[in-house]
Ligand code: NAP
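As structure tokens, one chain now follows by itself in the form predicted alone.
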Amino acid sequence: MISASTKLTAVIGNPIGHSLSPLLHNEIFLREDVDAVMLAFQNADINELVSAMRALPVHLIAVTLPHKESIISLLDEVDEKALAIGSVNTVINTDGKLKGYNTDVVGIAVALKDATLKGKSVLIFGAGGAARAVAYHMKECGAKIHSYDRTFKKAQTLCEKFGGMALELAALNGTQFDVIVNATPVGLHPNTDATPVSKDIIRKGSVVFDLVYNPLETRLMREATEKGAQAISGLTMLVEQALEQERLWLGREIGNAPYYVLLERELNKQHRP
């Protein structure tokens, strides 16, 4: 029950209407007996959002597109790993002091825990905040990074930071990849017919990880399965990065609960004819 002592937490981005973070975090609060509520705040201006976070105050902030990079300069402190990634998806407000973290990389590591990455050829679609977290993890695991972005300069910048090779669109068909990661919103509901990559570059036995979680099975994942590749949903990353956000804020472990089932049920409900 919400009261005057209930702590406010938020997910911020633009757009934000598709986010499942409020559903997930509010379920965590319920199960962990935490007197808090998460709401969604949409604004294209990150300066206005951060000012509001300080003023209200908001105690835990989940940061999503397009603010994961632009928020960094507005924070009082940034965790060392988040600085190395160059992307913040989590902010903890402690007595008015805002500290940024990156828990996306935790979700990515869990999603790819069964994949062999050392020495493997990896293609990352996108070069934004999520792609930076993917590239950081791939570098830590010793993978060979390839980056593609519609803006070639962004792909080059990512590769300059994490190592690897930026590719033009024409070069994708001429290279074999062991792992393909979609770190863009391409394929996100309602544009479910879209895919970031031609299925021709997906090969049997490879791993295809789509950070998009709505719908549960994207076109990219479906085509990966058809080609005999292992398809991994972004739902794993969503849940695991959120649990890490709560660990950071609450300072303790979070108990096991059917969070995946909750989100799968919600997504199936949204797409029911």
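Owing to the predicted nature of the structure, the values given are computational and were not obtained by experimental measurement. From 1 onward, residues are counted along the sequence shown.
Below, we refer to the form predicted together with the named molecule, which is not included among the displayed structures.
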Checklist entry - Do G128 and the named molecule share at least one heavy atom pair within 4.5 Å in the predicted bound form? => result yes
Item to check | Heavy atom of V186 within 4.5 Å of the named molecule in the predicted bound form | outcome: yes
Checklist entry - Does V34 make contact with the named molecule in the predicted bound form, using a 4.5 Å heavy atom cut-off? => result no
Item to check | Partner proximity in the predicted bound form: F29 to the named molecule, non-hydrogen atom cutoff 4.5 Å | outcome: no
Checklist entry - Of these, L60, A229, L238, L49, which has a heavy atom no more than 4.5 Å from the named molecule in the predicted bound form? => result L238
Checklist entry - Where does the named molecule sit in the predicted bound form: which of 77-85, 163-171, 129-137, 197-205, heavy atoms within 4.5 Å? => result 129-137
Checklist entry - Within 93-115, which residues come within 4.5 Å of the named molecule in the predicted bound form, counting heavy atoms only? => result D104
